[in-house]
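Next up is one chain by itself, shown in structure tokens, the form predicted on its own.
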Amino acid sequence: MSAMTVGILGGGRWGFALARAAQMAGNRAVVCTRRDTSDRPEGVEVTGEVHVLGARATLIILAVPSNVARPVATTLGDSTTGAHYVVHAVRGLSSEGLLPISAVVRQETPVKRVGALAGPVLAQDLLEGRPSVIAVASHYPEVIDSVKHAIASPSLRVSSSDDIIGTEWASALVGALLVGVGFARELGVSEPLIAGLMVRALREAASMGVAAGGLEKTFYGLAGIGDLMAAMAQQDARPEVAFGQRIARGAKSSQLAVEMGVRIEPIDLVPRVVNFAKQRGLKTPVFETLAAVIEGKGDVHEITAALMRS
């Protein structure tokens, strides 16, 4: 297939990592951002104008934090048509009503053929061209084919699914569980016990994902357990783990959100998904304990005891 131009909206580390993946696949990448781009990969084109993406790329990847996904999508709406594909790489859910980001894109743009990226891939691996794997989900086969053409290469395997809702929920909830991993490790909890807690928590996550309209099996694939296993093995690569560690040392969520300089999705997400579960009669003791960790309710000994008996 001939080379294509991939548009990427969002100039953070993740956005440039995806641009590098496109390059490794033999394609051109255009990143739209207004950040400092002095450390961007060589050969990646940068623009400050969203309309450039719509004019030059059929496939546009949205790589921004969940809290700005809606206004960014609204901006993108003026530059896209029904002929475009938009795939997001956001490890979170909308701040209004726990909507998947794909639904936000459909609401704010003329684009209906949408998809989501998820899974164990790390930005640093993409930037350095190390072998990795990523998941793409969409109801539209042409979207999946476009993503594979855009970023699949000998160093990046792209696995596909049609369960976009389950994929988005799994990706978001695994990020939340990493806070618990960091918290427990900082307290000196043994790795076998942490593994046991994560198995229980993943069951809880799957029950919420099914209630939201996803498939249970998705949580035991790349977007769920695959992402969790990779992050637990490479704990320093995910900010959620560092956040959990610092919470265990007594830091406050509100302070850390500013000090760490990155968006920590679980801060806002976990209390809302716990409420979602309660409204549907789902039992989620691990996620309830995570909410207490994030909200600073109870000391570390009370929280640890709650995890052991729940």
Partner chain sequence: MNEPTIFRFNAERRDIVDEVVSRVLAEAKDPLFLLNDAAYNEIRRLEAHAGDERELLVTFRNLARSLGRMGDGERQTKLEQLARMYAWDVAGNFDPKVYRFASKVLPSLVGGLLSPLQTLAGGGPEASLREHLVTQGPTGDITRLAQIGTIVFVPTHLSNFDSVAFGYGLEREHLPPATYGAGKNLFTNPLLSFFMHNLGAYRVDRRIKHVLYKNVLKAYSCVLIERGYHSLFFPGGTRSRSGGVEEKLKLGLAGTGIEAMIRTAQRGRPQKVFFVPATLNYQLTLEARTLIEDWLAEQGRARYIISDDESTQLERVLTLVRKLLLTEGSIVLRFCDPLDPFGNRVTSDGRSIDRRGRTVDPLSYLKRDGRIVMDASRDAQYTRELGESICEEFAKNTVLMSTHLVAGAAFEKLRAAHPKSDLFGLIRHRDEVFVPRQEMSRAVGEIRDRAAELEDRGLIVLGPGVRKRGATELLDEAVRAWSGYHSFPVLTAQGDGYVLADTKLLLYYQNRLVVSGLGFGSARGSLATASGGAARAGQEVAS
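Since we're looking at a predicted model, the values are computed, not measured. Residue numbers count along the first chain shown, from 1.
Keep in mind the form predicted together with the partner chain is missing from the figure; the text below concerns it.
Between 189 to 197, 137 to 145, 120 to 128, 152 to 160, the stretch whose residues reach within 4.5 angstroms of the partner chain in the model of the complex through a non-hydrogen atom is 137 to 145. Among residues of the shown chain, Trp169 is one whose heavy atoms approach the partner chain to within 4.5 Å in the model of the complex. Taking the partner from the other structure, the partner chain in the model of the complex has a heavy atom within 4.5 Å of a heavy atom of Ala83. Proximity of Leu215 to the partner chain in the model of the complex falls outside the 4.5 Å heavy atom cutoff. Although the partner is absent here, Pro110 sits close enough that one of its heavy atoms falls within 4.5 Å of the partner chain in the model of the complex.
Interface residue among Arg263, Arg70, Arg40, Arg28, judged by heavy atoms within 4.5 Å of the partner chain in the model of the complex: Arg70. Judged against the partner chain in the model of the complex with a 4.5 angstroms heavy atom cut-off, the residues Leu178, Arg203 and Gln255 are out of contact without exception.
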